[in-house]
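Next up: just one chain, as structure tokens, the form predicted alone.
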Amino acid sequence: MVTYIVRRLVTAVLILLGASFLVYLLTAASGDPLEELRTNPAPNKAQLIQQRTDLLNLNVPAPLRYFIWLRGAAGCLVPFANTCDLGKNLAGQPVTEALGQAIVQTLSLVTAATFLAILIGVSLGIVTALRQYSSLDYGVTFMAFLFFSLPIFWAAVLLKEYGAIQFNNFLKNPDIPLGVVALIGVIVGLIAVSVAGGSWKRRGIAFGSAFVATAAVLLYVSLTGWFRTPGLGPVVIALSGVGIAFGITTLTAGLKNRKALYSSLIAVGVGVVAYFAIQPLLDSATFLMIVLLAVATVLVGMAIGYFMGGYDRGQSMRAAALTSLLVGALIFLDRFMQSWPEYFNNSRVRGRPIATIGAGTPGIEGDFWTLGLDRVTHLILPTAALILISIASYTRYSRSSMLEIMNMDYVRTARAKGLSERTVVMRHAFRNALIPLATIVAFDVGGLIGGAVITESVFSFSGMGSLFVNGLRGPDPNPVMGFFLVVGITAMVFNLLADLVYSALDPRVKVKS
């Protein structure tokens, strides 16, 4: 294993060196960094040209200039030595500083979108494969192809118009007309019909239940002005937690494992009690505190599962830990909602909380929750745009992979042995269906650090994509090379991880030296 990893790393480094040399030469040949100065009528034009020449070593031929850059880049391999030097851009800013700012912006923009797209897309693909040729399958397939064909800039503009501008106008007087309530209820009812399947009686019950529940919720939030003063509260958290407990137990252990189910339900009860206990603590929250609370939440869930025991203690621990984490997430969300009125009425926000551009509101001040809300509201639209475009490919790939696996001999053998459908799907089919997805996910996650150029442009995010495009327009070779170095190393690492994941998912695949 170690020999294999070392050999792959050496090969990847050689490829990275060759590719970086080629990119540097192409960038250097793409234009003249002094062109704007040559046409500058300023009296100190000669001095400015000389300064930029010295800054970018333009008096040195491009092939030799690459090795000057490489010497500084090699210092980035020495941790904590503070010797990393990727040069400066045309404005004189160190590229390492510009990269640090751009990486933070890009990660905040695309990490959540990529994670949610993978989670939702794979889940939909698995479900539609299990319900092949049903109305749910046809509906999800149609929507997947629709979203896959949407131009990202067009989807982003629509989201800005209806998800921000029109929604902010709605928040001035958040009353939902009865016609809109009925329309949304019908749409949710039709979705419930496609999910329920079965006989027409079953579908009618699903439609009626979904319609009534949706209409009741919408009327409640309209009459109470919930959008202006939102919140979940302990009752909603408790009811949602019970649903989560049953769902998590079904997926991880099966409802026949009563110890696992009871462990999850106890975790919900502990979470509801903790809701009241930690409210004073959350008033002075910090990022580190939230991380420590999340870790403590998982450990408490594992402890509950351990002491509950059962014939499979590991299943009880997993079910309780996941339930605890999700209930903790609901408490975290509720605390954000409690801060919504303060953020909504902030003088910088002026009652229009859903932002259309930028990564934050200039000059806004507040506590952890107010600043967190500001960050989240600026990420809602670009994240939604990326999810809509990315979710389609994951849905289609996971569906086709799951369909292929479900027709394998070992799946039929597992069913013939009398194993439950949950065991057949989760333990035998699902794991093997993830094998083809490992490559796709590795490429996508490896490429996310490169930024979403179009999305960043539409929503005015100064991320890695913008850094790369501006470097090409300059032409400014040092930011382009810094971008290439980060993206190249990330792709190299995640390709290696994909190979290792193969061996973990499929015992037939062995990583040999």
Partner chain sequence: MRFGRISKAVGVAAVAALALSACASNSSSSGSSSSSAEGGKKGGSATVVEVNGFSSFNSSTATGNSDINGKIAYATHSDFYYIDNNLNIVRNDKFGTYEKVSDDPLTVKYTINDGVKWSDGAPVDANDMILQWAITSGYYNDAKTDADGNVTAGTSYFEYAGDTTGLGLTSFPEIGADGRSITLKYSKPFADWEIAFGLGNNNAAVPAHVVAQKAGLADAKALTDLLKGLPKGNPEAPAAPNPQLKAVADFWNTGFDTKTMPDPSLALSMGPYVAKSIVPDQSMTLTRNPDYTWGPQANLDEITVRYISSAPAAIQALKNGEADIIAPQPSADTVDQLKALESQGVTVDQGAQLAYDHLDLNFNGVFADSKVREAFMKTVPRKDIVDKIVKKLDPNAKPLDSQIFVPAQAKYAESVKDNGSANFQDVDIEGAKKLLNGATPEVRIMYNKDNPNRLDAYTLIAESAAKAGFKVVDGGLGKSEWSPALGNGTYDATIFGWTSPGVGVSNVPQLFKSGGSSNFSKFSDPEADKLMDELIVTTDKNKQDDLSAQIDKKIWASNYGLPLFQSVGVDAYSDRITGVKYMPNQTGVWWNFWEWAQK
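What you are looking at is a predicted structure, and each value in this text was computed from that prediction instead of being measured. Numbering follows the first chain given and starts at 1.
Beyond what is shown, the protein has a form predicted in complex with the partner chain; the following relates to that form.
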task = Give a yes or no on whether each residue among 35, 47 and 359 has a heavy atom within 4.5 Å of the partner chain in the predicted complex.
result = yes
request  = Only one of 93, 279, 123, 240 comes within 4.5 Å of the partner chain in the predicted complex by heavy atoms, so just point that one out.
outcome  = 93
Option touching the partner chain, based on a heavy atom within 4.5 Å in the predicted complex, out of 234, 314, 366, 269 = 366
ask   = Is there a heavy atom of residue 64 lying 4.5 Å or less from a heavy atom of the partner chain in the predicted complex?
value = no
request  = Report whether the minimum heavy atom distance between residue 259 and the partner chain in the predicted complex is within 4.5 Å.
outcome  = no
Residue 472 within 4.5 Å of the partner chain in the predicted complex, heavy atoms = yes
task = Although the partner chain is absent from this view, report whether residue 55 comes within 4.5 Å of it in the predicted complex, heavy atoms only.
result = yes
task = Heavy atoms, 4.5 Å, the partner chain in the predicted complex: which of 261-269, 415-423, 155-163, 314-322 makes the cut? Say which one.
result = 155-163
note = Contacts from 326-360 to the partner chain in the predicted complex (any heavy atom within 4.5 Å), listed N to C, are 342, 347, 348, 350, 352, 354, 355, 356, 357, 358, 359, 360
